[in-house]
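There is one chain below, alone, in structure tokens, taken in the form predicted on its own.
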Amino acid sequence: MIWNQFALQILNGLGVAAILVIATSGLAIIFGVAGVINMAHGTFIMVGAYTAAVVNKLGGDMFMAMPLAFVVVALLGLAVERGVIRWIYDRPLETLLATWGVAIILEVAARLIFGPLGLKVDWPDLLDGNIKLFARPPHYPYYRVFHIVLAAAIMGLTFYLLYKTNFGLKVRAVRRNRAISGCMGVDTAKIDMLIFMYGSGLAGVAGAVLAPIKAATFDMGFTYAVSSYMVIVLGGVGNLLGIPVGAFLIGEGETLLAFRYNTVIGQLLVFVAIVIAIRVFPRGIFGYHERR
């Protein structure tokens, strides 16, 4: 029974890591390519969650809400990028303050529209139940398996987009040297716009997936935004391989330490471990070491 509990905690850690991958992917792409510290990332997740709540209220399920949340939040990202960010790309402090202001506006608007109480989102019937991995309970729920599969699909799609397409070649060129890419004919402003839309859309998908776990509330995005930045810092900015690795280390660390001690002690020890890791790997585990 003890070994069953330990194995279940490892699987739970994989589920937490999958959630972190889903929540972090969009932020990592925007931060790694455009260099924008998007303080509104958590709020974009919140908008995706409310989109799922509205779809659920109208009779749809999460599978319908995910593509709609991607489109809605991608268009929101387009409006923010074209209306605000495009004018201050080369000023990091201003982009931080501007996206923070956008986050506050969206949170206030969500509270005025939907109220201070959370909106519940139901799981699809397909994800009800558990997988019987062991002879006796507890068993592993289907929705955690769905998180793991979805996280792998998102990472696979993003890797294919960035490393197997002409668009991805341009994105990586802009990431490496924006000035030379512009001289070679790459429309860097268009690349920034499209990558901001794609990253924002992924945040919307994350919100739609997280809504059944945490009810859609106006302040739900802050926790996931902090966790996303932790994953990026630990894994390394600009390298997609750092996302699943950082998420796995944080997810498994928090889950196993919480099982051994408690949730607060587990989070505290993970924070300490991240500080030590940053001291050893200042650019993250898979951070680029570039010559300037």
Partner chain sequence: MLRVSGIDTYYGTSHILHEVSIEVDAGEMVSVLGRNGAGKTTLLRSITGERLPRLGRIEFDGKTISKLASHLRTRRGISYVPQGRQIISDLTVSENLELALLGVGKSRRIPDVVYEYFPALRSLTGRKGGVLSGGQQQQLAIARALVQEPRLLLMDEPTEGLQPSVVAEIQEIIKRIGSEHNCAILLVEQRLDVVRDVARRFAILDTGHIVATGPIGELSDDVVRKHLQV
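Residue numbers count along the first chain shown, from 1. The model shown is predicted, which means the values in this text are computed figures rather than measured ones.
One more form of this protein exists, namely the form predicted in complex with its partner chain; it is left out here, but the text below deals with it.
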property: Interface segment, criterion being heavy atoms within 4.5 Å of its partner chain in the predicted complex, picked from 215-223, 71-79, 145-153, 159-167; result: 159-167
property: Contact flag, residue 183 vs its partner chain in the predicted complex, heavy atom cut 4.5 Å; result: yes
property: Distance check, residue 84 to its partner chain in the predicted complex, heavy atom within 4.5 Å; result: no
property: Partner proximity in the predicted complex: residue 173 to its partner chain, non-hydrogen atom cutoff 4.5 Å; result: yes
property: is_contact(residue 187, its partner chain) in the predicted complex, heavy atom dist at most 4.5 Å; result: yes
property: Listed residue (112, 179, 93, 117) with a non-hydrogen atom within 4.5 angstroms of its partner chain in the predicted complex; result: 179
